[in-house]
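Given next, in structure tokens, is a single chain: the form predicted on its own.
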């Protein structure tokens, strides 16, 4: 099952023209510069842009097609805005209960207690919005969106108005939603860190159109896209906790290309995690180095090489079938005589565990 979106909307000199298939599970991030149409697309999916024309199907249900147009209140979705927009005269519990009246009891897939538990807001239920921090208000807003048992959750930069500490407070709860609920999420953001940590699928937007779409690990390492050519080009790798080295306070993480070693993390054996490897932190050698402080060294095959500015190149590698990027100088690439298909060793100086 997928979400099919084929919509056009002309609005104040701006043209939104998208034709897109979105997976009906996991988190799909809409990513692009300010003004590219991310929020407009989200609003059109919600039915808040009635002048949008085209087709919108959620699995087997038609939300929009020709003369058929389900108004927003008939679309089974939850919407989380940048600002929490809670009713100031109602306490947290009554804010949560507000939308329940439009959901028949036999159609409630997410109980109110479940939403409260997922966002850890049980201790806030009797407070008014003015008594909450920004992070607490946004957690309540997310719980309210879940309490209507949506078939689709739309999130429009829900962390944009929060400081770094409040963002770190909410991100684990968003990861928990991803792990524990089978509700597809469309997440608008212009924060690469949020996208890298949360998204399964990435949609790049530019000037009202879709420039590319696909699984996030593939999108970040596509050398024909801007993300792989920027200063912060990176690869995301899924790995599984294999063991802990108590002697040196390290954690070992296995992936198809080998084993990463990182600073000790209090994670259960078998836990699946996401690793970020920045391209500029990956060096290349023709022979495996032994007298080195770098622990994360993997045999790799050169896949593609593209110029990045006047002095550097981006090298896309395959490590056990997993894409990895390396940013090196043109001179280094020449001295190593790099070309597609050549065997090398990739040395990752720094690896970040996204948690």
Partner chain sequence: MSLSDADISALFITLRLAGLTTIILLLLGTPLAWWLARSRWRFKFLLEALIALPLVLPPTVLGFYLLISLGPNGPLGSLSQSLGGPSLAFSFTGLVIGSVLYSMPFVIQPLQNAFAAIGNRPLEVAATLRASPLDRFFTIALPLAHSGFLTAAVLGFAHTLGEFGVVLMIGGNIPGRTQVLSIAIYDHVESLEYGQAHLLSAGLLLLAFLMLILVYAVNRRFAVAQQ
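Numbering follows the first chain given and starts at 1. Just so it is clear, the model here is predicted, and its values are computed rather than measured.
Separately, the form predicted in complex with its partner chain exists; it is not shown, and the next lines address it.
Comparing 234-242, 193-201, 111-119, 93-101 against its partner chain in the model of the complex, the single stretch with non-hydrogen atoms within 4.5 angstroms of it is 93-101.
Only one of 258, 215, 76, 134 comes within 4.5 Å of its partner chain in the model of the complex through a heavy atom, and that residue is 76.
Shown without its partner, this chain lists 301, 48, 70, 297 as candidates; in the model of the complex, only 48 has a non-hydrogen atom within 4.5 angstroms of its partner chain. When contacts are judged by a 4.5 Å heavy atom cut-off, residue 83 counts as touching its partner chain in the model of the complex. The closest heavy atom approach of residue 139 to its partner chain in the model of the complex falls outside 4.5 Å.
Mapping the unseen interface onto this chain, residue 223 falls outside it, with no heavy atom inside 4.5 Å of its partner chain in the model of the complex. For residue 130, a non-hydrogen atom is located within 4.5 Å of its partner chain in the model of the complex, even though that partner is not displayed.
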